[in-house]
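Shown here is one chain on its own, the form predicted on its own, set out as structure tokens.
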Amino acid sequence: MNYLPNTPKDREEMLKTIGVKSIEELFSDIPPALRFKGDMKLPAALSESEVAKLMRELAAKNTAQDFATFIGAGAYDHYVPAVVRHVLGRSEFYTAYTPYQPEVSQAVLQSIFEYQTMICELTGMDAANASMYDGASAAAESVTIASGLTRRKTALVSRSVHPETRGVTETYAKGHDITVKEVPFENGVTSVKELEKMLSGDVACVVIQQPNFFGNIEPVDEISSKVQAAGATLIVQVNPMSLGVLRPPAEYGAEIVVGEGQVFGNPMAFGGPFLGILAVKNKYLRRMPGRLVGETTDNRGQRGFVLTLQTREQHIRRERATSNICSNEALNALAATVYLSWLGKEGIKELAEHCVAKAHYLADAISGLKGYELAWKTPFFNEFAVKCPVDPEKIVKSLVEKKILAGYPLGRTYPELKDHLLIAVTEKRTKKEMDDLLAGLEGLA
């Protein structure tokens, strides 16, 4: 059915029905200078079969799905099992809206509660919200949480934290009159010596990433002891997949944990939508933005779930709100929940171990190539930086022709590392794909 009037008579009847004489009168409130003049050059209308054909042709241009992907830098090519897509495709989930009415929203509320529980078990935190928009906004919100509780107005963010996270954090901080200062890195990790110099009585928090943007393992115990001595809050941004083999942040003194949950059952999908993880210790609970689902009992004593501890000012009194985020990435969080249920406790450990083993195989092999060397002799998870004998941008461009996405040139965000390439390895990468990358790198040296 066509819902638009097709003939002059149709348009005349429609205008008469709404009480105006012409299209011009209908838009009279819009200043003439802002109105489009002339005819829009639009293509002819297509039938359903023609639209379907066009969509297939456009989809076919996305050849990257057939490439061996070694790009990480915050988005990782992990396998997404069929069960995730199946559950997400159920209409009761993908059409669900905010579960304000618990009596008709128990399924959605329970799925969110299970997500929160899994995040707490992974991180060691006391509470997690129902997710944020992405990892960067979660980190930025965590800084405002810490500043609001401590009444301090300086945040120290390691320069080894993801550049986009740092950028978003600075943007958020301006609105809260928080000063953001960057802590230098040394040997691929946060400089503890420089951090100690920068800590003062006005520092609300210190933000680090574990593993950091370069894939390296930070000296978290040293950092934590310095932060705690200064009375500041330690905020840790994690790659949650690494928690299959690394210690939960709670064990080394983190009080707020954030991260990008894309690795749990969410495809890279052209850069989004992604999933922001935010988990806290109890003392920060009432300052945590977004949705929080609690477990309760109904008037018959039956187990149930309900939205709780979310201040209404986030919805209706924005000028007095501690945060203006009141929604979440519910479907992405559901994907993470299904994915973690599919993996189980041993599964996430085994998968993380696969990533570590394959990344170290490739790193050792690359460091054996003439002209290539690892940037730092620092332990890493599944991502590492390589110093290259040729321009990394040239490497990336050349290997695309071989259906290899070779990595992320670090010079794009770290000018001092313009000859370095950041390479990520997941469980999906085969030995043949890694050997093809090695051959490609060797041929360019």
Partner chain sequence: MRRLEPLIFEISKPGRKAYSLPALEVEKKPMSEYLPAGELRTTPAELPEVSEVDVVRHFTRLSQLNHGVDIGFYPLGSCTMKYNPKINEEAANLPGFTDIHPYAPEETVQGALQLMYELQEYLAEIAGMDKVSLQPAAGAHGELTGIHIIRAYHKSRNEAARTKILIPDSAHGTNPASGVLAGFQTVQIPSDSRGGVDIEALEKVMDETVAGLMLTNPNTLGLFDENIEKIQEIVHKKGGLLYYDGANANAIMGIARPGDMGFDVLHFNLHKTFSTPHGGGGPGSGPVAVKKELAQFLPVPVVEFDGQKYYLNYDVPNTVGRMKSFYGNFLVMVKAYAYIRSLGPDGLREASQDAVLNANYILRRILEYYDLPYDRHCKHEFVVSPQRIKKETGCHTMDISKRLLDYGVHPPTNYFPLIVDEAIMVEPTETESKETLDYFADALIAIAKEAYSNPEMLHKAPHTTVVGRLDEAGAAKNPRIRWQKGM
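Since this is a predicted model, take the numbers as computed values, not measurements. Positions refer to the first chain, counted from 1. Only the largest set of C-alpha atoms that superpose within 1.5 Å between the two forms is called the rigid core.
The form predicted together with the partner chain exists for this protein as well; it is not shown, and the discussion that follows is about that form.
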Open item on the list: Going by heavy atom distances of 4.5 angstroms or less, which of Thr150, Ser225, Thr179, Gln110 would be at the interface with the partner chain in the predicted bound form?
Closed with: Gln110
- [ ] State yes or no: in the predicted bound form, is some non-hydrogen atom of Ala229 no more than 4.5 angstroms from a non-hydrogen atom of the partner chain?
- [x] no
Task: Contact label in the predicted bound form: Gly371 to the partner chain, heavy atom within 4.5 Å - done: no
Task: Partner contact for Pro184 in the predicted bound form: the partner chain, 4.5 angstroms, heavy atom - done: no
Task: Proximity of Arg303 to the partner chain in the predicted bound form, heavy atoms at 4.5 Å - done: yes
TODO: Taking only heavy atoms into account, state which residues of 401-420 are within 4.5 Å of the partner chain in the predicted bound form, ordered by sequence.
DONE: Leu405, Tyr408, Arg412
Open item on the list: So, superposing on the core, is the move of Pro389 at the CA at least 2 angstroms between this form and the one not shown?
Closed with: no
Open item on the list: Asp435: after superposing the rigid core, is there a C-alpha shift of 2 Å or more between this form and the one not shown?
Closed with: no
TODO: Would you say whether Asp39 is displaced between this form and the one not shown, judging by a C-alpha shift of 2 Å or more on the superposed rigid core?
DONE: yes
